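Here we start with a single chain on its own, the form predicted alone, put down as structure tokens.
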């Protein structure tokens, strides 16, 4: 019976395993191979150059920029989207009816095209847009996407708008799982609304909050569409993310080998960063007695 169950288990998991082999491990092996070549994406021949691409990438100012820009986006995006998601989840959870309807409304931006939303924002912030025409009339001439700090915030806010509903959905499910008797006991003890949130809701919401934070941190390592459409990585590499750097090297500079090396370095940086963030979140939860 156990052997039969094992065979059935392998049978049901085989589609995912085949998918992983074709679309994950295959490209990963190909990327490793490309990273030690000087292939330019067009020529039929290439040379094996060892770890030269990795050494060049480690010394490249644009790669250094992509590394630090990721953490800048992290500092902007993660706090904003977390606060908004918690606020939306708490508000929706407190509604007497139509919770699902409101959650769907907040979730819709997550389903929207990043290209479309970026182009809309780009139009709203263009020099001739009604907003900027009005601002110039009152003496404010703002180059929204031409200033490093404002460009970072614009992209961060677009991402926060897009992902708030998704994370709120996760947090709302966490709130729904909290036993109402806990709140009733707290009310009898005279606990205020603020105390209830900080000392009951937030600790019991920690598992869902932990998940959303890890997802939010992970998003910052994959930012591409919004940056590509709005700034192209500028101004002065201020929004040049890992994905943008890989795209430029592969399809603009036609350095497929070098781009593969950058992609592998980005993967290592992502893995190490997420691992450290997970450990810090676990320490934070244990220190507060939430785990």
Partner chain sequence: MVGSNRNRGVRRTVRYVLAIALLLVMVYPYLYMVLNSFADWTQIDKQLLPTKYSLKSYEWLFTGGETGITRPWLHAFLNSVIVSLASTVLMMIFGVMVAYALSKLNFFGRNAINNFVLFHMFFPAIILLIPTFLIIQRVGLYDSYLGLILPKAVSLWAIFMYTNFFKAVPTVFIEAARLDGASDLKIMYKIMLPMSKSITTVIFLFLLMERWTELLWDMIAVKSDSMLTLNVLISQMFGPYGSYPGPLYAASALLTLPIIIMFIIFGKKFQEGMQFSLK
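Numbering follows the first chain given and starts at 1. Here the structure is a predicted model, which means the values were calculated and not measured. Take the two forms, superpose them, and find the largest set of C-alpha atoms that agree within 1.5 Å; that set is the rigid core.
Beyond the structure shown, there is the form predicted in complex with its partner chain, which is absent from this document and is the topic of what follows.
S.K.: So which of 66-74, 231-239, 260-268, 51-59 is the stretch with heavy atoms within 4.5 Å of its partner chain in the model of the complex?
M.R.: One stretch meets the cut-off, namely 260-268.
S.K.: Does at least one non-hydrogen atom of residue 147 fall within 4.5 angstroms of its partner chain in the model of the complex?
M.R.: Residue 147 lies outside the contact set for its partner chain.
S.K.: Any of the heavy atoms of residue 82 lying within 4.5 Å of its partner chain in the model of the complex?
M.R.: No, no contact at 4.5 Å.
S.K.: Classify residue 288 as contacting or not contacting its partner chain in the model of the complex by the rule of any non-hydrogen atom within 4.5 angstroms, answering yes or no.
M.R.: Heavy-atom contact with its partner chain at 4.5 Å: absent for residue 288.
S.K.: Can you work out whether residue 105 and its partner chain are in contact in the model of the complex, taking contact to mean some heavy atom pair no more than 4.5 Å apart?
M.R.: Contact check for residue 105: yes, within 4.5 Å of its partner chain in the model of the complex.
S.K.: Select from the listed residues 182, 140, 120, 188 the one whose heavy atoms reach within 4.5 Å of its partner chain in the model of the complex.
M.R.: Exactly one listed residue reaches within 4.5 Å, namely 120.
S.K.: With the partner left out here, which residues of 78-113 have a non-hydrogen atom within 4.5 Å of its partner chain in the model of the complex?
M.R.: The stretch touches the partner through 88, 90, 91, 94, 95, 96, 97, 98, 100, 102, 103, 104, 105, 106, 107, 108, 109, 110, 111, 112, 113.
S.K.: After superposing the rigid core, is the C-alpha displacement of residue 268 2 Å or more between the shown form and the other one?
M.R.: For residue 268, whose C-alpha is compared between the shown form and the other one after core superposition, the shift is less than 2 Å.
S.K.: Once everything's superposed on the core, is residue 222 shifted 2 Å or more at the Cα between the shown form and the other one?
M.R.: Result for residue 222: no, shift under 2 Å.
S.K.: State yes or no: after fitting on the rigid core, is the Cα displacement of residue 61 between the shown form and the other one at least 2 Å?
M.R.: Shift of 2 Å or more: no.
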